[in-house]
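Presented below, as structure tokens, is a lone chain in the form predicted alone.
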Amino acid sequence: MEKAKIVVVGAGPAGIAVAVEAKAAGIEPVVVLERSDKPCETIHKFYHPGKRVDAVYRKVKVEPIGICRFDTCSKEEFLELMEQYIKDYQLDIRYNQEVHKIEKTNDCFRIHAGKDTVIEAPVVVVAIGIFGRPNRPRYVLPKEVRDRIFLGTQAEIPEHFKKVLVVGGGDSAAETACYLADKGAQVFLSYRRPKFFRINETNLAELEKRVQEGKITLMMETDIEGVEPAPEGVKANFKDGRQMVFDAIFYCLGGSTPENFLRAAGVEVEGKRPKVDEYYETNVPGLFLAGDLVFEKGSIMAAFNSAHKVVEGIKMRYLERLERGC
């Protein structure tokens, strides 16, 4: 059975930063298990070309405390930076290896991934982002329109989608609406509140500009009770009685903690948030969390910092166990 000192679950920004911090501290081998075929899959998938990656999140500047850091840049520049970290620190990332079970035996963990991968390690860090599992609307999405329904924006948008509906009131909804408008689509933005309160100033200014240009129509205080197939696309049935047909609907409703996965590993969850201490260690000794899982509303810089704190905690509490191994 393969053995490692630390197994990191997830090769997003937090997972990569954990591996970087561990390698810099002289901890080896560190294995990163990633379910997709590339690092930072969420950014690849949900960030459109040229999308801004903000170092300052919702007006909160997070000062970097660890190795990984960045300034506000484009999607492409950020992904290039992450690839450089992977190369510089010679990270061992195993792709197409979705972790489906973490079990503890004495002072070690057995991590089961992919078809037949099993790795033993004294320490595990779970660094899967909440947006890997984006929130869905409460109502059923008929299978007949699944090719016209998107959870968040996508890197590639079919050109034949000319009339689209974006649902949501946060930054991702504003950015998606602006991106689609710039692609030439007629965009409608539905939000259940009378005004926006979660959009940063830059995105709000960009949204208002396109509203004034007639590229985006705001539908404030509207809520959808269901969708259904229509000959021309997908029909949205609003609670106020209106019915509108669109080529596609983009839901930007945020993400949720992968609660069942954590509970199966023995992690205590309070409300919908996992319980962690100051080093983001869970109630399961040796099992740490990093990134979005440990923040109410996280940012990439905060995710980098959480990785630094996690490795600090590992060095403080588990060096002897790491040296002993499994």
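We number the residues from 1 along the sequence you see. Just so it is clear, the model here is predicted, and its values are computed rather than measured.
Same protein, other form: the form predicted in complex with a small molecule, not shown, and the subject of what follows.
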Which residue, 174, 123, 127, 187, is the contact with the small molecule in the predicted complex, using a 4.5 Å heavy atom cutoff?
127
From the list 40, 276, 27, 265, which entry has a heavy atom within 4.5 Å of the small molecule in the predicted complex?
40
Location of the small molecule contact in the predicted complex, chosen stretch of 239 to 247, 137 to 145, 115 to 123, 93 to 101 [non-hydrogen atom, 4.5 Å]
93 to 101
Non-hydrogen atoms within 4.5 angstroms of the small molecule in the predicted complex: do 11, 14 and 300 all have one?
yes
I'd like to know whether residue 280 contacts the small molecule in the predicted complex, with contact meaning heavy atoms within 4.5 angstroms.
no
Is residue 53 a contact residue for the small molecule in the predicted complex, using a 4.5 Å heavy atom cut-off?
yes
Taking heavy atoms and a 4.5 Å cut-off, does residue 31 contact the small molecule in the predicted complex?
no
If we define contact as a non-hydrogen atom of the residue within 4.5 angstroms of the partner, is residue 35 a contact of the small molecule in the predicted complex?
yes
